[in-house]
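The chain that follows stands alone, in the form predicted alone, written as structure tokens.
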């Protein structure tokens, strides 16, 4: 059996796209084949008891410094690991060449593109990539970013996906009506849904601005927490847009809100001259798997997160363009085209993706 240690600061119960990706993959791997080395979290005890694999939580942020190196050497040696996998490439991946054992790296997107433009960092990243057995890229966008730095590094694409036993369409009109009455102020209106961290890059403000331009009343639902919430609330009030802010929802409620939506809108933007972009967009997979029609932008790797003919993928994310996409979806048949669910299962089911990930780990260990 090939054994490896995953080293990351981004592991549940901490919340985010990377955390979701790692949880869904690692909860499906053979728990005897890996160990997770990560950081402490106030809710970690309850999570770790239920998680199938062993999790060791170090009492400091994992950085490429002597103290982290010493702690990880002890962990890796005790586990007798064949391979160490660092997520993300920078900064913790810089420890790979200095720790000793063979190592691989995981790339998601922004943590490759943005640091590579910082003075002195690009050289460190190239050294980490050049010394690695290879890179597992969470989509085509991070894979291209890695290859732009070190074209010869072996790369294995394992995209994010969704737990498709959780994200499913409603089974009846009655079920959908009941969900909408629970979450909506006026369930007769179309529901425009946005789910993500509330930071400027994600584009919740574009959803609000677009809703103001529609030729019919709608109810905008914003799910998520973050530093941008107060600004978004002021914007919705100033624009007179009927908006409900749910904050972060527990899993069961989130699944239901997806099923209730008429249109899921995620018009993320590129920032800082393209240095900060959305690497993938797991929420797009979850929404489409739940039966919602999707409107999104083409920034970063987001086009990889949708399948079939029903999504509207915009080349630019002005309020007018987003409003046009929403309007188009509201006039379309609410039922997604036949076969689209099968495409989602084929491409985004974590059962399949975890097998691909396991195969990539095996190849990295045997390079």
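Remember, predicted model here, so these are calculated numbers, not experimental data. Numbering follows the first chain given and starts at 1.
This protein has a second form, the form predicted in complex with a small molecule, left out of what is shown; the following refers to that one.
Chemist: Mind checking whether each of 106, 111 and 154 has a heavy atom within 4.5 Å of the small molecule in the predicted complex?
Modeler: No, because 106, 111 and 154 lack any heavy atom that approaches the small molecule to within 4.5 Å in the predicted complex.
Chemist: The chain here is shown without the small molecule. Which stretch in 175-183, 292-300, 220-228, 74-82 comes within 4.5 angstroms of it in the predicted complex, by heavy atom distance?
Modeler: After filtering at 4.5 Å, what remains is 220-228.
Chemist: Could you check which residue among 88, 139, 281, 96 gets a heavy atom within 4.5 Å of the small molecule in the predicted complex?
Modeler: Selected residue: 281.
Chemist: Only one of 150, 249, 214, 189 has a non-hydrogen atom within 4.5 angstroms of the small molecule in the predicted complex; which is it?
Modeler: That would be 249.
Chemist: Give a yes or no for residue 254: in the predicted complex, does one of its heavy atoms lie within 4.5 Å of a heavy atom belonging to the small molecule?
Modeler: Flag for residue 254 set to yes.
Chemist: So, residue 143 and the small molecule: in the predicted complex, are they within 4.5 Å at any heavy atom pair?
Modeler: Output for residue 143 is no: heavy atoms all beyond 4.5 Å of the small molecule.
Chemist: Does any part of residue 201 reach within 4.5 Å of the small molecule in the predicted complex? Heavy atoms only, please.
Modeler: Looking in the predicted complex, residue contacts with the small molecule include residue 201, since a heavy atom lies within 4.5 Å.
Chemist: Any chance residue 196 has a heavy atom within 4.5 Å of the small molecule in the predicted complex?
Modeler: Residue-level check for residue 196: yes, a contact with the small molecule.
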